[in-house]
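The chain below stands alone and is given as structure tokens, in the form predicted on its own.
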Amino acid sequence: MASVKSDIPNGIKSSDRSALIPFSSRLREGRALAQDVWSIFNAANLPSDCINLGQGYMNFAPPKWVTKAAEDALNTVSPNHYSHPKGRPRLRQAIKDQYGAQFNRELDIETEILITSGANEGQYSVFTAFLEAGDEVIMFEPFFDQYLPSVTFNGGKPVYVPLHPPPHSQAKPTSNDWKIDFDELRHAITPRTKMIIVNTPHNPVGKVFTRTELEKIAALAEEFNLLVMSDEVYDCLLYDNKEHVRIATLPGMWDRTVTVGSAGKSFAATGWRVGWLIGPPSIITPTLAASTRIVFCTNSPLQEAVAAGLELVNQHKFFETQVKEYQERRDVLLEAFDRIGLQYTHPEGSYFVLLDISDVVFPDDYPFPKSVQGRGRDFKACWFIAMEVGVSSIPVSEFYCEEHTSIGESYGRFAFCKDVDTLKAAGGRLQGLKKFMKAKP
């Protein structure tokens, strides 16, 4: 009798069918399988009355004149169907009208602007379009956590260059005190380096890169022929009269820079997932080819709403008003930290504050969950703060490679994209940290 060939792979018992097909190694390399910080510090795991200052979403609505435009689009036939993969012409024109002068050029809506399904998809499409296996991508630490899997999923290799924080002893540090060591940056560049990511204003530091810093980065990009991805999704949130310099406007940089924008940050609509890329045809054209195969097109009615929003921002003086409102929110939180007596980095952009939590003391035998065991000290400190005073934050070591984890362990990231009443309530609760602070000599 002929033998019957088994369809069970070697090493898999017939009774165990839980892992028949091995998954891709890219999931490990990009930390995609590890329990991420957002899952750990999730409302489901925290006290029901915990005030969430961890995740960077707003607890207030977009402007009514923007949501009204979304309603109008939903009640019109055309915006309920496919858009061109480039994006709806009205939105591309609105981006040209709003941002062209900031780039010192007449933007071409057919070849130099691409609408994407959020900033993340836009960035992912750039990596897909330009990375070959083994190409290196330089990322400043702390980095937005989506960069890592987006690079590795597309065959790239991340290379980490830390921003150096001010010493713990420095009084009243600002985000500008987080410095790039340009010798380290130069040393990080190899023959395999293809790209460098710049994030300004920066998440989570709040740093607004200076013109001098960007000029030095630009010089290295020119010297080594690097593509620059400039993540500028917080470009409308700068404080203290800081200047937002677009690296694409520096001499020679337009031809090698793609600039990333986001309606979610601009209009308090993070769930709308409408972003855009601005750059030369040599970057936008291959990125469009990738984006078309990844998502085909971005949702149409919300593109129309974002277009209407950009068309009306000047009339409503929206960005100017929004900055004042966010600065008030920021200052409410900073004043609370001042009352506690804990050190923090004064942010000059975005909507995050890094609180130095290295002086927060917690018992070694505190009942921490397994999810924070074996992680940086900041994971335990942030968990302790959430449980004991009822305010959640995000441990910053999540945004570092293992080699540089110790830098991030000193900080918790607190978001101030919340209404003033919520921030005042959080500030009141945070005063409870006074009894858990290390005694000063």
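Values in this document were obtained by computation on a predicted structure and should not be read as measured data. Numbering starts at 1 and runs along the sequence shown.
Form predicted together with a small molecule: not shown, discussed below.
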Item to check | Output flag, Gly56, Asn203 and Lys265 jointly within 4.5 Å of the small molecule in the predicted complex, heavy atom basis | outcome: yes
Next on the checklist: Just checking whether Tyr234 would be counted as a contact of the small molecule in the predicted complex - the rule being heavy atoms within 4.5 angstroms.
Outcome noted: yes
Checklist entry - Is Phe144 close enough to the small molecule in the predicted complex to count, meaning some heavy atom within 4.5 Å? => result yes
Checklist entry - Heavy atom to heavy atom, is Phe60 within 4.5 Å of the small molecule in the predicted complex? => result no
Item to check | Partner proximity in the predicted complex: Trp38 to the small molecule, non-hydrogen atom cutoff 4.5 Å | outcome: yes
Item to check | Interface stretch in the predicted complex with the small molecule - options 402-410, 48-56, 369-377, 62-70, non-hydrogen atom within 4.5 Å | outcome: 48-56
